[in-house]
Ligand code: URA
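Just the one chain here, laid out as structure tokens, in the form predicted on its own.
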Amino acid sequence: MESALDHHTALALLAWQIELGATEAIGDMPVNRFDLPRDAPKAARSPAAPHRAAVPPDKDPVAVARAAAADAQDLAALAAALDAYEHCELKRGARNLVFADGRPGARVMILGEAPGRDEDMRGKPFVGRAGQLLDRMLAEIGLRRDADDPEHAVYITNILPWRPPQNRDPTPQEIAMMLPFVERHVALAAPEILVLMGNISCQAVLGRRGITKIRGNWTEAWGRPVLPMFHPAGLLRNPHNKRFAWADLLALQARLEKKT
């Protein structure tokens, strides 16, 4: 017979589940999902589905997103359009829409990947451990998200405005649905420079992955200079990459000073 869990083991298991993304308990007692009846009823097979016709533009999630984003004439309208968008399943499991933080009109706009647990709870991007590291990194080159002066401010958002379950990577379908909103977001915020942090943002905007190879190499997208960088969360996992992040920050600083 197995012995009952001691206090320390139970606490460690709870911490592990929180790390995986669990935020609340659904039942009072645990359920063993492997203890199923041997003669469990089988799901009835549905008849073969007929050939599907092309999806009408008003039902295609990407087409709907494109139309909604194009109709937004300012950032408030874009946030409202995202909040009203019902085609992304991530919205149903998220606590909050995570739209943006910082100063619109800042010279630098940072585009991350997706909200984590802290961001989902607070409704702002980059507020957890990775966000705290990002703030320290930006401060080293004189940038702050709360600065009033556009010269020293940053504007921050993500590819996805809703947290994926267990912080998994966004699917290609989710990225495709959100990309029209992201492109419109960049156009309305009107930064001089776009910083892409992590593989997901590079995949969405540039169509490329492999952040280790492409980081620090200036490119262009949507008519703006683009600098790929390591995501702060990745730097927390691999501190030896901080030297590359520092080199990229200096490159960003030099680019900004060259235009002043």
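As the structure is a prediction and not an experimental result, all values here were calculated from the model. Numbers follow the displayed sequence, beginning with 1.
Another form exists, predicted in complex with uracil; not displayed. Remarks below refer to it.
Note on the partner interface in the model of the complex: the residue among Val108, Ala114, Leu138, Leu82 having a heavy atom within 4.5 angstroms of uracil is Ala114. Picking from 146-154, 100-108, 186-194, 115-123 the stretch near uracil in the model of the complex, with a 4.5 Å limit on heavy atoms, gives 115-123. Shown without its partner, the chain has Asn158 as the single residue in segment 140-168 with a non-hydrogen atom within 4.5 angstroms of uracil in the model of the complex.
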